[in-house]
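Starting off, we have a lone chain in the form predicted on its own, written out as structure tokens.
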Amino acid sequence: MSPDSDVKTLTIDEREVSARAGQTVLDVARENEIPIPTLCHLEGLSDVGACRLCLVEIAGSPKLLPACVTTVQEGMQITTDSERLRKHRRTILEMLFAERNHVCSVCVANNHCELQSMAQSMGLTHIRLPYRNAAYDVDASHIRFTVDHNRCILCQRCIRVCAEIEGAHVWDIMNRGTNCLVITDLKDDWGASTCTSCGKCVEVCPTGALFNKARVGSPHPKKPEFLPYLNLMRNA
């Protein structure tokens, strides 16, 4: 088969699968019900490879590559589950917990948090890394919503949904490394920003970083699965 063919043949976990040119490794894995963990990926949004939990091994490459932004090639041999990958993913999760303050018992998203669920699925019961014990601001200036930067994992879902689905471009990210923060406009308070109050950013947040004030103290499930429907209706 020509390398330029629209159909690619590759193997994932020793299983031969076919893919369309331009698909990512994550796309093909999910089409074939092969699980790869993710936190920043969300169907309906572009991929940025922020969380790195979807790292996979590809034969011939010394590096682990993020499945969500790695395009399939003819003849690829991909491994999605190995001791090396499990070690890396656990370490990444530990770093996320250690970087900010994720105390599940006092979080509004307790039992409805993707980070918490991911830790449980990987058997993460303790953190071996030193906690930064950072103290970030909580911005409750918006009439409906609150942002708690202590819960943020910098997945950038809020930024992408605001830009790509709502078209408002309110959210952005500033600084680098451990000083990174998601911000509204030019670091204006959320309540003083150009936010349209649509709430899409809150619905796609995988943790308790963004939440609806009206639902604090009550069951706090979020419904990010509405994004594919919005895209479908937009293109209808």
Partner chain sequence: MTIEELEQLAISVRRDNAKFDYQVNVCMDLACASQGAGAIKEALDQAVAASGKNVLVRRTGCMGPCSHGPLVRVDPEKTLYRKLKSEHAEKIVGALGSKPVSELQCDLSEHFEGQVRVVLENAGYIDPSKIEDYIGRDGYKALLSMLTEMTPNGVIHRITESGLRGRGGGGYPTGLKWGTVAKAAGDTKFVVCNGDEGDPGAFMDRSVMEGDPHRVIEGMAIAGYAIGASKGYIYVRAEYPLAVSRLTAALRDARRVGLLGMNICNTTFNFDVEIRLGAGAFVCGEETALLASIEGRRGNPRTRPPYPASSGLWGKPTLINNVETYANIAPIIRNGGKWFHNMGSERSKGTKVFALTGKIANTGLVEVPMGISLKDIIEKIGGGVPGGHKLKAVQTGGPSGGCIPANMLDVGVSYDALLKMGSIMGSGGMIVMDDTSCMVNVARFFMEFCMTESCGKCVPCRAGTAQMHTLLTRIAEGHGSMEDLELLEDLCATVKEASLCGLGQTAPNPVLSTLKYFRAEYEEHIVHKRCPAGICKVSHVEEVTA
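In this text, all values refer to a predicted model and were calculated from it rather than measured experimentally. Positions refer to the first chain, counted from 1.
Another form exists, predicted together with its partner chain; not displayed. Remarks below refer to it.
Peer 1: With the distance limit set at 4.5 angstroms and only heavy atoms considered, check whether 149, 158 and 204 all reach its partner chain in the predicted complex.
Peer 2: The answer is no; none of 149, 158 and 204 reaches its partner chain.
Peer 1: Choose from 206 to 214, 28 to 36, 55 to 63, 190 to 198 the stretch whose residues reach within 4.5 Å of its partner chain in the predicted complex, heavy atoms counted.
Peer 2: It is 55 to 63 that comes within 4.5 Å of the partner.
Peer 1: Does any heavy atom of residue 177 come within 4.5 Å of a heavy atom of its partner chain in the predicted complex?
Peer 2: Flag for residue 177 set to yes.
Peer 1: Is residue 154 near its partner chain? Define near as a heavy atom within 4.5 Å, in the predicted complex.
Peer 2: Residue 154: yes, in contact with its partner chain in the predicted complex.
Peer 1: Using heavy atoms and a 4.5 Å limit, would one call residue 79 a contact residue for its partner chain in the predicted complex?
Peer 2: No, residue 79 stays farther than 4.5 Å from its partner chain in the predicted complex.
Peer 1: Does at least one non-hydrogen atom of residue 50 fall within 4.5 angstroms of its partner chain in the predicted complex?
Peer 2: Yes, residue 50 is a contact residue.
Peer 1: Let me know which residues along 54 to 92 have a heavy atom within 4.5 Å of its partner chain in the predicted complex, or say none if there are none.
Peer 2: Heavy-atom contacts within 4.5 Å come from 55, 63, 64, 66, 69, 84, 87, 88, 91, 92.
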